[in-house]
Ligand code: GLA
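Just the one chain here, laid out as structure tokens, in the form predicted on its own.
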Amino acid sequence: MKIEKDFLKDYDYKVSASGRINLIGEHVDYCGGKVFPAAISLKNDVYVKANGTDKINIKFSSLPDEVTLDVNKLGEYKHLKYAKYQAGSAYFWQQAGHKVIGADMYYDCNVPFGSGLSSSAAIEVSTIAALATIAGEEFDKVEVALTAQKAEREYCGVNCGIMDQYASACGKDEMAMLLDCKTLECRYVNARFGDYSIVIINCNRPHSLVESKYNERRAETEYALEYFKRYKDIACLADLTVEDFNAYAANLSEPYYSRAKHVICECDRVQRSVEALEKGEMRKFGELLNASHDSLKNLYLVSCDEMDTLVSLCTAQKSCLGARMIGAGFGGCAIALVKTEEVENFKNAVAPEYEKRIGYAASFYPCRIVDGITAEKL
């Protein structure tokens, strides 16, 4: 949205939260593994001011709808088609003992919806940060993330992990986060890619099967966990090393063998990716991206023809060191590690060939790794 000066006069603050990518570590969060997300410059912006009432008035740049929430009845809006994420975030922030006051809020989201870049997390996190800001409260970013996750799970009915909200709230400029999903211990890792850039590409396949297959995969990994507990005292699959898997997995039947192998090897790839980035070994990092996609495609079976076509076209380019799908699967986005000076040529080579093979276009999103929550006095 192009912001006019007259528009800004109606609001006191611009509060933003980021979408996110996960550099590597897919489908390991619910198995107790470490993920490697980063906040990106595709954001949800909330223009906000206190209005002196007990009503929260919500408008959207992308919708003609306007929604009003009563701050005394925030638990009663689960039925809303739009603003359910905002209502749930406000409700659980209030339930945690924080002050929620009447406000006028205008939402401008440039995180593409349904892309797997966590537009919902950006909306939840920015809502809480905006409400805290106009109430004059300082806030803890981790608490914001946990509250936003609770809103998505318990208010909106989406059984998500913590990675999306944590990255959206706690991201730092040019830093990725090595996040332990069991303990929430987080280590920031330099995410400068030397002569290379991360390119995000949406295959634009309509999402399908994601929820049912997600639940199926969780059940399969839980079965595998019970199998390995016969051999080793572990709390989750991520407690196993690759050596453990090779030692104990011989009698584990399919599909549980393949699912567990992906999880355990992906956890190992996360650690090796961190080491590669810290040493500036971009070629090694790219190889790990490729290996992650192969595992998601062949062992975890959460890719699709569109995504496999896109990734293969990316890795066929000499300027690309590696590429992989990100997110739950069956659509959404891929990331590619591309020579910065060749990004435009890379796009011009991949885009027409993808459209020729699939029948519709992919979307390319320029972005940077940036801070998660930001607040600006207007």
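These numbers come from a predicted model, not from an experiment. A residue's number is simply how far along the shown sequence it sits, counting from 1. Between two forms, the rigid core is the largest collection of C-alphas that superpose within 1.5 Å.
Below, we turn to the form predicted together with alpha-D-galactopyranose, even though it does not appear here.
Taken together, the three residues Glu174, Ala176 and Asp371 lack any non-hydrogen atom within 4.5 angstroms of alpha-D-galactopyranose in the predicted bound form. Stretch-level contact analysis of 42-50, 326-334, 347-355, 309-317 against alpha-D-galactopyranose in the predicted bound form, using heavy atoms and a 4.5 Å limit, identifies 326-334. Though the partner is left out of this view, Gly280 does not reach within 4.5 Å of alpha-D-galactopyranose in the predicted bound form, counting heavy atoms only. In the predicted bound form, Glu342 stays away from alpha-D-galactopyranose, with no heavy atom inside 4.5 Å. Cys160 belongs to the set of residues with a heavy atom inside 4.5 Å of alpha-D-galactopyranose in the predicted bound form. Looking at His27, you'd find a heavy atom of it within 4.5 angstroms of alpha-D-galactopyranose in the predicted bound form. Contact with alpha-D-galactopyranose in the predicted bound form, judged by any heavy atom within 4.5 Å, is made by just one of Tyr214, Phe193, Tyr155, Tyr256: Tyr214. Counting a residue when any of its non-hydrogen atoms is within 4.5 Å of alpha-D-galactopyranose in the predicted bound form, there are no hits in 83-99.
After superposition on the rigid core, displacement of the C-alpha of Tyr300 between this form and the one not shown amounts to 2 Å or more.
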